[in-house]
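In the block that follows, a single chain appears as structure tokens, in the form predicted alone.
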Amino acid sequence: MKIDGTVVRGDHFSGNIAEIRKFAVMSLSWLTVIFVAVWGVCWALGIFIPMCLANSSFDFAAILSEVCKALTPIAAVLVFIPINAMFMVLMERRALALFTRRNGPNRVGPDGALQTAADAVKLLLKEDITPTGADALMFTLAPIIFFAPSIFGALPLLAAVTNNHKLFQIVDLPTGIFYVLAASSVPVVGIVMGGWASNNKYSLMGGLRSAAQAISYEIPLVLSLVTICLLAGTLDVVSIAYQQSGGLLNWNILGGGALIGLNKAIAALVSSSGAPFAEVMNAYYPYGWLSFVGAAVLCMCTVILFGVYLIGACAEINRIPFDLPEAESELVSGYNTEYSGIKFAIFFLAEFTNLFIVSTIAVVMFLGSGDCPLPTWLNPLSYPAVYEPLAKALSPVLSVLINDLHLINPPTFWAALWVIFKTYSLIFFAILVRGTLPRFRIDQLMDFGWKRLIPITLVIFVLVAFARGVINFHV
């Protein structure tokens, strides 16, 4: 900007830095509150109460203790979903304001940190209106059907993102990803039901668009995840997460184990112990240059699959640029045009929860779950000379927290931190996409799904099936 021929830049730059700092402080504060609250409930229900009952003479103490442990995953999800949704709404509003260089919510609470809590209270106090001519039963059931899978579909992921903590082992299913995908296909029924039951042509149009969109984009989304399951040889999300341990070179985003031989060979070379570099390479790449070509193909394919998954996931949860079921410029607000009060709040809650769930699935299936990005041979905390002095200095406090109160489980703690960082990074990326790209037309949306993504995923599935045969996958 020029004022009397003088270029002025400093105020804008300092203003952006200040807003970024406020955004970071707000995010860290909310995340601390969210996960301390969730873990507090899990600890109280799954550890503290059973510890108290263990010394009780109550006849049904053992049964009650097991019931508390079994209910812990459900309690964790029920506590997490509403608080997290409030944070994600605030995060999106503040991030979009940051992208467009304007002020976001900054009045309610410290620098606007409680704005979405106030909005939630306002929505809950609004009048609940059922339109004339609407099917009252279906109109009421629609938001429930849309929201319920968000609760139950996320349960198997709890074990994967907490390094299979004992409180969540009960939800570690052998076919975990199949269960998650099955649950994630249900919400579209709620959208169609709400659109039809509203007795509104715009709502009905939004519901029909949602059905067509789900059919189009669920195929490439499922194929991308099925291909990763083919690489892993299992449908168990915990097993898939474990197979990606050891740093970025072992993650599914880089071939699902195609580079594990290279990773171990470098580790042997760095440590100057164990098998020689060439011997390790020959063990994992038995066909020489052909194995290296297979590894390169797998890395390329999984990177493409990751992109396909992100696109399909955005379309599944109706995020911009795939928000055709709502499309305010065409359909007023689409399937939820006639909803108000708590029913509208449930739709809103489910939308942001679904964004969190698809981001978590991406982290578990592609990005190593709770694994540190640094390979073991490059991670300073993996060397005894670094971590032993730290452990010794903190041992008095850690002993009480870990052994006596069971408040901290180190493998779960570090895994959860990495999952939180990766998941909210993907959410931030989804917000960036919303603030950047325009909406598709409906014909462009359908063509892109059927003529681009589905053929790409089918070709990649075949390529992966052949490429993995020239690499040793006994990892």
Partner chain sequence: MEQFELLTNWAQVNVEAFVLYALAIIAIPCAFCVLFDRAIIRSGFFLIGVFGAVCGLFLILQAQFLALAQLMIYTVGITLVVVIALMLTNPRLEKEGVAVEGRERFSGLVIATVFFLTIYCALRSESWPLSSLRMNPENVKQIGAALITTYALPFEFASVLLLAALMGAILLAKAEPKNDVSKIAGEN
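No experiment lies behind these values; they were computed from the predicted model shown. Positions refer to the first chain, counted from 1.
There is another form of this protein, the form predicted together with its partner chain, and it is not shown here; the text below is about that form.
Between its partner chain and the residues 208, 75, 283, 129, the one pair within 4.5 Å by heavy atoms in the predicted bound form involves 208. A heavy atom within 4.5 Å of its partner chain in the predicted bound form is found for one listed residue only; from 310, 235, 248, 345, this is 235. Its partner chain in the predicted bound form is not approached by residue 52, whose heavy atoms all lie more than 4.5 angstroms from it. Taking non-hydrogen atoms only, residue 352 never approaches its partner chain to within 4.5 angstroms in the predicted bound form. For residue 38, no non-hydrogen atom is located within 4.5 Å of its partner chain in the predicted bound form, even though that partner is not displayed. The closest heavy atom approach of residue 144 to its partner chain in the predicted bound form falls outside 4.5 Å. The candidate stretches are 111-119, 157-165, 365-373, 216-224, and the one lying within 4.5 Å of its partner chain in the predicted bound form by heavy atoms is 216-224.
Heavy atoms closer than or equal to 4.5 Å to its partner chain in the predicted bound form belong, across 443-469, to the residues 446, 450, ordered by sequence position.
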